[in-house]
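A single chain comes next, written as structure tokens; it is the form predicted on its own.
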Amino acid sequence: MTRPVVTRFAPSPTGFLHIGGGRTALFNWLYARKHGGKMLLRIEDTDRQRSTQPAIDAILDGLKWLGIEWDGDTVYQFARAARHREVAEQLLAEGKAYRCYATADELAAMRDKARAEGRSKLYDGTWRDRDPAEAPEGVKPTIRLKAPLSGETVIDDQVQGRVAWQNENLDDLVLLRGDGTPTYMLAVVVDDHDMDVTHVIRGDDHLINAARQKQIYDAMGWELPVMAHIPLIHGPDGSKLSKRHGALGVDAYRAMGYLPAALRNYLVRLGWSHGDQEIFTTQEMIDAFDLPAIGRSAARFDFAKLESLNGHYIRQSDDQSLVTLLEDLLHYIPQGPAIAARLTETTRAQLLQAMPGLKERAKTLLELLDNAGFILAGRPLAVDPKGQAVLTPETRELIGRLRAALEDVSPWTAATTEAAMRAFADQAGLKLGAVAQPLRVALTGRTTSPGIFDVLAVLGRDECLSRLADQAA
């Protein structure tokens, strides 16, 4: 009987959930969902000096925001240290591992000699077949795997194809340190086996680890999971992804105003393709995703493409959900608390009313918030430099006359205010644009905004007349 598919995402909690980790989690999640299986979450917190609770919280929060749900309880690797030691002791008892009493200085000398001779195998096997009775006093031994000395270790990788390593170049890796703590290599193998993981999908920087881990699987007589090592993400210039390229935490993308669905869609297309399709619903991703369709070369991160995709998702979103997303964004940006203080039932209703026009011009939620600034602005309105240039003594006098013309408009709608403005322009012998631009600056503080008649309708009669009075001569 075929085993049910079980994947896992296993981050180290030494920092935020970075964008590459987000993609790895997404690929694991999609594969599990496609096959009706499970995706498990394991926090690899064995590095006690660098693992932190804030980092764990950031990882869990980032996954939830991206919409990636894991199955079952979160597993913490450090809590399983006794089980890892048990396996090391079993290998020792079966003669498949041995105690190594080499000191730190001896190991350093071995490494230096190996490098000088151009050898990749850094440990010379000194204690592999020695009698433990020869052990020096006061040295706490490590436990090392008795790795095969000849032949090759082979991984049939779903992405990389067949990859082989000559065993003569691979060290007897350490399973248990001198202080009794298990190494990463041992812990990962034991956890994946005990958690019934069938598919290991991770970055190709772990490819050499796969060879070392397979040797532990073989020594224990355990079945090796299917391996899929995905290429890393590079910057637009082809170099390793750095912070200037976008190597940021998922939380940074939230603060920059990206929608989770857009970021998910963008990440799935980084290194994986399905014909020429660019935009996927979540279900379409699940249905189409497969490991052999992942390319072997590094994917390139492209902010312009992400922005364009995000703009598409904003335009497709319903207006109320965008108002909710804007409110959520305020928790993650420096100016958020000040803006949140101006959110009332009235301004929320105005945001909702203005949203059809606002969302057509925004690629991110930050842009959307910026474009909606005229709704949330306090009085007197802050006018930007371009707007200040429009507010000459002549235009301020014009604004005063325009206010008088608008004062008696009833009912107050986009259509009735437009009619009043056009009538005023005709009577004054002015083109509509000569009236509209001073009006726009007086109402929004800027020279660009949604349609001026929509602005009038959204702000309402009292607020418009008050703002016009503030700027009139």
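Heads up: residue numbers just count along the shown sequence, starting at 1. On a predicted model such as this, the values are computed, not experimentally measured, just so you know.
This next part talks about the form predicted together with a small molecule, which is not shown.
- Comment: 182-190 is the region of 182-190, 346-354, 377-385, 233-241 lying near the small molecule in the predicted complex, near meaning a non-hydrogen atom within 4.5 Å.
- Heavy atoms of no residue among 33, 37 and 71 are located within 4.5 Å of the small molecule in the predicted complex.
- Looking at residue 418, you'd find every heavy atom of it more than 4.5 angstroms from the small molecule in the predicted complex.
- When contacts are judged by a 4.5 Å heavy atom cut-off, residue 111 does not count as touching the small molecule in the predicted complex.
- Under a 4.5 angstroms non-hydrogen atom cutoff, the small molecule in the predicted complex lacks residue 22 among its neighbouring residues.
- Taking the partner from the other structure, the small molecule in the predicted complex has no heavy atom within 4.5 Å of any heavy atom of residue 269.
- Note on contacts: among 458, 17, 10, 464, the single residue with a heavy atom within 4.5 Å of the small molecule in the predicted complex is 10.
- Only one of the listed residues (296, 130, 206, 396) places a non-hydrogen atom within 4.5 angstroms of the small molecule in the predicted complex, and that residue is 206.
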